[in-house]
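Take a look at this single chain in structure tokens; it is the form predicted on its own.
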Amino acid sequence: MARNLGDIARRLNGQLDGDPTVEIHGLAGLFDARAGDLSFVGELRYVPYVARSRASALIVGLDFPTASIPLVRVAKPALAFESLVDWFRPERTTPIAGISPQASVAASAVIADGAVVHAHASIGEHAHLGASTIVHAGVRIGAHVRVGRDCVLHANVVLQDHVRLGDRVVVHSGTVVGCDGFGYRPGKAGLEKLEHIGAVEIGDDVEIGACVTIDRARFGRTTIGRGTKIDNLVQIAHNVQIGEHCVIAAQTGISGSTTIGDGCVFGGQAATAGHVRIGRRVTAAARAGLTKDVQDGAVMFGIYAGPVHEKRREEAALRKLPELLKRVRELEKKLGIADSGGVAEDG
């Protein structure tokens, strides 16, 4: 849908430098934009790249220099650009409420008004779907599952028995919630499986990416707190407790019985050991390995691998490094060695 720059500037309460009649047909990144697209520049360090963009106009900051294309000046360009996404979004086809005749729905299942169940979905005994929830093709919902209002389960999601989802939960394709946890013990005939008879509870406004696995608890519940966002390919083990409004990036692994406080951020491929307690507002950098409890607000970085005794000695030596450096500087000062290069001073 075409919009002109004058309308865009007014919608953003921005200052327009250029022709208000220029038509904008879409939004794009600075380097992906073509004629008819609107892009943005969030920081002045990107000014030199503007000449390479084919965008018809830019949203920029108030201190952005003049340019050869029209500019809409606002205080926060990235947020302003994001606010236009829904305005330019193509109209979506609204699914017709109801149950496809090609879906399999148990007689004891309860499907609320306005819910949609697409072809080849399967709804188990005593399952409950909330109003306006959409279940796409190939989804499997087990027995005694409860799914709240306005949820979206994309194709081929599996919710095993006794899983509970809050309202407005989005689960992307290929994710499995409620599979058995990974637990075995040595027995006479080899490894014996530990039974997992607990459940999984997911709070309101959670979004779960594609091909995520969330294991049911051995006893009790595995829980994901309200507003938490989980990227693709994340493993969350049995009895894990994740707080509210956390962000967990792709390929992160959370081991069994780990507790994560509210507002934590995990970078890609971060991992925890089992039974670790992570405080609130903790940041784990990409590939960070958390093997011990972490206090509130900590920023964690780094992982080690190697023969355990060697690595522990290395870690112990590194902890002594600041004191060793202090002693070296004191010795250099006494010996008249220059700080900058470690070379003795002339004379």
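Between two forms, the rigid core is the largest collection of C-alphas that superpose within 1.5 Å. Residue numbers run from 1 along the displayed sequence. Computed from a predicted structure; not experimentally measured.
Below: the form predicted together with a further copy of the same chain, not depicted.
* Asked: Even though a further copy of the same chain is not shown here, does T223 get within 4.5 Å of it in the predicted complex, heavy atoms only?
  -> It does: once a further copy of the same chain is placed as it appears in the predicted complex, T223 has a heavy atom within 4.5 Å of it.
* Asked: So in the predicted complex, does any heavy atom of R73 sit within 4.5 Å of a further copy of the same chain?
  -> No, R73 sits far enough from a further copy of the same chain in the predicted complex that none of its heavy atoms falls within 4.5 Å.
* Quick one: does D262 come within 4.5 Å of a further copy of the same chain in the predicted complex, counting heavy atoms only? -> Judged by the heavy-atom cut-off of 4.5 Å, D262 is well away from a further copy of the same chain in the predicted complex.
* **D19: touches a further copy of the same chain in the predicted complex, heavy atom cutoff 4.5 angstroms** => Answer no; every heavy atom of D19 is more than 4.5 Å from a further copy of the same chain in the predicted complex.
* Within 4.5 Å of a further copy of the same chain in the predicted complex: residues from 276-302 (heavy atom criterion) -> Counting only heavy atoms within 4.5 Å of a further copy of the same chain in the predicted complex, the contacting residues of 276-302 are R277, A286, R287, A288, G289, F301, G302.
* C-alpha of S108: shift of 2 angstroms or more between this form and the one not shown, rigid core aligned? -> It does not reach a 2 Å shift.
* Superpose on the rigid core, then tell me if the C-alpha of R313 is displaced by 2 angstroms or more between this form and the one not shown. => It does, since the R313 C-alpha is displaced 2 Å or more between this form and the one not shown after the core fit.
* Is the C-alpha displacement of A189 equal to or greater than 2 Å between this form and the one not shown once the rigid core has been superposed? -> False for A189: its C-alpha shift is below 2 Å.
* Note whether the distance between the C-alpha atoms of D86 and D167 decreases (closer) or increases (farther) in the predicted complex, against the displayed form; the change is 3 Å or more. => D86 and D167 sit farther apart in the predicted complex.
* Asked: So the Cα-Cα distance between G268 and E314 shifts by 3 Å or more in the predicted complex; is it shorter or longer than what we see here?
  -> Pair moves closer in the predicted complex.
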